[in-house]
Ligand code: NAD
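For reference, the chain that follows is the form predicted on its own, supplied as structure tokens.
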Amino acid sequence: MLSDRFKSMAVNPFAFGPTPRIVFGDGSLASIAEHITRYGRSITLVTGASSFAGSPHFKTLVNNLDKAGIKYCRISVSGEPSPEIIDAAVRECKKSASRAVVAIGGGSVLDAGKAIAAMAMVDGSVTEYMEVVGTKKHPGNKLPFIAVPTTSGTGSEATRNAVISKVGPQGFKYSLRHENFMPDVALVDPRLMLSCPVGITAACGMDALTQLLESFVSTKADPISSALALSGIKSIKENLLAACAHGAGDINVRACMAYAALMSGLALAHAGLGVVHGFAAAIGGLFNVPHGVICGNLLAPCIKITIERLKESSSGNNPFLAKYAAAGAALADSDSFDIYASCTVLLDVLYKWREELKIPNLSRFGVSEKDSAEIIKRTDCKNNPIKLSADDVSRILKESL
């Protein structure tokens, strides 16, 4: 059995860092005032441009804040946050003398809130403190931060980084990161996700699945991150397709997807990600493509090539192949102990889901073969179970155009 193979694996030394205080459950948004008042009664409220703000939940939220005597400065974020958006929002946050930041929305909104909470404590532009493009080290202090997701995808409510993008020929997609940037509270209310459109649900679900699979097989994975990732994979297995079809209005289906996304955030925060997200950083800096679409499109071909290279480099008794097999067995609800067969099952499921969920090709967003050289140059294989060559990366990209 696959589980027997894991029992014989050695447990190497590892460290598992802090996590948010997690408040999970249907209707949990109603308790937000009590979490806010631990930090004060003046907040910066970060939301998307329209979806949450136009819903009945927003009116309920405002009523709860008013009853608790909580004043708020509202900032709306449309699309993935850019340095300009963050810098402008930070100026507003500082002007309002907020004691905390509350972000309610999809992954981009949560990342924006996380960055605002961090940058409110220092001077200068967020670009100066970001990975790769920045020259300054952030000291790690921030305003208290409460993250409330309205989609089941990025898991940003449980990560310590905020992704900031600047799209264009000289664009980039990098993180503002520090262990202290983990949200203080992750308030996950699946009722907020019931109205999420099918296309966004599908892309976000594939993003969560990508994060679960990549953190599960990461070279930095540990027993805790692996257990969290596998738990999330099992939760997605029964619910992703349902959430995009007959189960879209089922609170239990939405709760299972919210749980899977939360697990993906916890797992990736400690194990890191792989080549799919290497592609996402490269493509996302050059083209305006939804992050979940990139992940959903590239996940199957990336794992296919990685498995091929692992087979070539080992006799079959490879711990990463065994993990891919365990993921395949979980998604297919199988007790098979044949590693190669279970790896094939995993690929079959991923390709099938990409088709059934109608994840669009990258060419629909302007990505073409002439861009391959630049994308390949920018794509990082960090934490992938095996290093992929430029030819491998090119082959993956060509399949997804």
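Residue numbers run from 1 along the displayed sequence. These figures come from a predicted structure and were not determined experimentally.
Although it is not shown, the form predicted in complex with this ligand is what the next lines describe.
The candidate spot formed by Gly107, Thr151 and Ser156 is fully in contact with this ligand in the model of the complex: every one of the three has a heavy atom within 4.5 Å. For the options Met119, Ile236, Met193, Ala100, the residue carrying a heavy atom within 4.5 angstroms of this ligand in the model of the complex is Met193.
Of the residues given (Pro197, Pro139, Gly168, Pro223), Pro197 alone sits with a heavy atom within 4.5 Å of this ligand in the model of the complex. Look at 131-139, 203-211, 322-330, 86-94: in the model of the complex, residues with non-hydrogen atoms within 4.5 angstroms of this ligand sit in 203-211. When contacts are judged by a 4.5 Å heavy atom cut-off, Met263 does not count as touching this ligand in the model of the complex. Contact annotation for Ser342: none of its heavy atoms lies within 4.5 Å of this ligand in the model of the complex. Although the partner is absent here, Ser218 is not a contact residue: none of its heavy atoms lies within 4.5 angstroms of this ligand in the model of the complex. Taking the partner from elsewhere, Asn161 is found to have a heavy atom lying within 4.5 Å of this ligand in the model of the complex. For the stretch 39-67, the set of residues having any non-hydrogen atom within 4.5 angstroms of this ligand in the model of the complex comprises only Ser51.
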